[in-house]
Ligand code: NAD
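For reference, the chain that follows is the form predicted on its own, supplied as C-alpha cells.
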Amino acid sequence: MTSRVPHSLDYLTEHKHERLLAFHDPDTGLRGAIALHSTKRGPALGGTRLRTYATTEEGILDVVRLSEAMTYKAAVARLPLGGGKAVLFADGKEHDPALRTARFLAYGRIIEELGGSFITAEDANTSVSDMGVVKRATRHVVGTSVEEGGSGDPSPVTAVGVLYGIKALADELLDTSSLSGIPIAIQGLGKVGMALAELLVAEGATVTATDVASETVERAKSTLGIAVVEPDAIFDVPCAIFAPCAYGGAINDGTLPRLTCKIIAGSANNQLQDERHGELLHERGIIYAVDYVINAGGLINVAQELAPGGYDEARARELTAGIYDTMKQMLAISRREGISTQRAAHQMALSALEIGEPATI
C-alpha cells in the first residue's frame, strides 16, 4: 500500500497554515522557504534547517509539515509561542565560508521583514555560529552563543528531554524505573542522537546505533562502546525501544513491519511518513512517543531566551524535566479513550490552543 503524497499547497490549506514564504536572494543565490502554521499563542518559533532535497516541492512540503508540528510542540509544552519552520536549500556552495556568511545575513534580513512573527534557531546542518550571523541582521533569533547572550546549542537539552520521555515510558510500559540492560536502537547519531546515546549509556542501557556517516559511527563505537550496524539494518535490531533521531519519515510502510520494539521514542521531527502509520502502530501494540511531545526540550530551552529576565539554564532544565509528566498524561488519555498516542497528543495540543491563555515563559 502506498501513500498519496500531498501537494504542499494542498497541505497548507487542509492544515490551516497562516503563511508560506518562498524566497530567493539574487546576490547570494540563497533559496529557501519559511512556513508559519499558527501565531495564535504567540510568535512562531522554529529552527532553520539546511538540506538538499530531491525537488523543491519536497522541501516545501517538509517545511509546512514541520511548522505544524512546532505549533503542537509549543502548545503541549504550554509555551506562549506559535509554530513555524524554515528550510534553506543546500547546493554545496554554502561550504564556502564567505558565501555562507553572506547567505545567512541575507536570510536574517528576510526574517526581519516578517516583523517578529517568526523567530528562528539552529536546526539540522545549521549552527550556533550561523545564528550569530543571522543575529547581525535581525533580533528575531535564539540559540546564539552564550557570549552573545544566547543559550548555545539546544541539542543536549533536547536529548535530556527525550531521556525523560523514555524513562516515563519505561516506567509505564516496561515496569522499570531503570534503563539498565534495556536494549535501545538509535537511528541517527547527529547532534541530538549522539547526545542521547551518551545519556543512555550512562544509564546502563544496551545501545545499538547507526548513522549514514561512517566516521560518526566509528567514533560512537570507540568512545561509547556501543554496537553499530549499517543504516538500513537498524530497523531489524531486536530492541525494546527504537529511537528515530535522523530525518523524518523513518516509520513507513517498508520499515514498520520490521520493528521488534514495544516503544518508539526518538528526537526526530515527523517520524511518521504519514498519519496513518500512527494508527498502524497502535493496532500492533507499539507505543509511539509522539515526536512533538518527547523532543520539546530544545524548544523549551531556547524559548527561555525570550523570558523577561533572560536565559536561565536551571529554569530551562526544570521545564524540560516536565516532559516526563507530559508523556504520562498522553499515555493516560490514550488508555482511557482507547485511542492511539498520536490522537491523544493531538487532543492535548488542540486543548492548549483552544484555552487561549498560554502560560508565560
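Heads up: residue numbers just count along the shown sequence, starting at 1. The shown structure was predicted, so the numbers you read here are calculated from the model rather than taken from an experiment.
There is another form of this protein, the form predicted in complex with this ligand, and it is not shown here; the text below is about that form.
Heavy atoms within 4.5 Å of this ligand in the model of the complex belong, among the stretches 141-149, 209-217, 104-112, 75-83, to residues of 209-217. Interface membership of residue 183, defined by any non-hydrogen atom within 4.5 Å of this ligand in the model of the complex, is ruled out. The closest non-hydrogen atom of residue 254 lies beyond 4.5 Å of this ligand in the model of the complex. With a 4.5 Å cutoff on heavy atoms, residue 155 counts as touching this ligand in the model of the complex. The shortest heavy atom separation between residue 269 and this ligand in the model of the complex is within 4.5 Å.
Contact annotation for 43-68: a single residue, 49, has a non-hydrogen atom within 4.5 angstroms of this ligand in the model of the complex.
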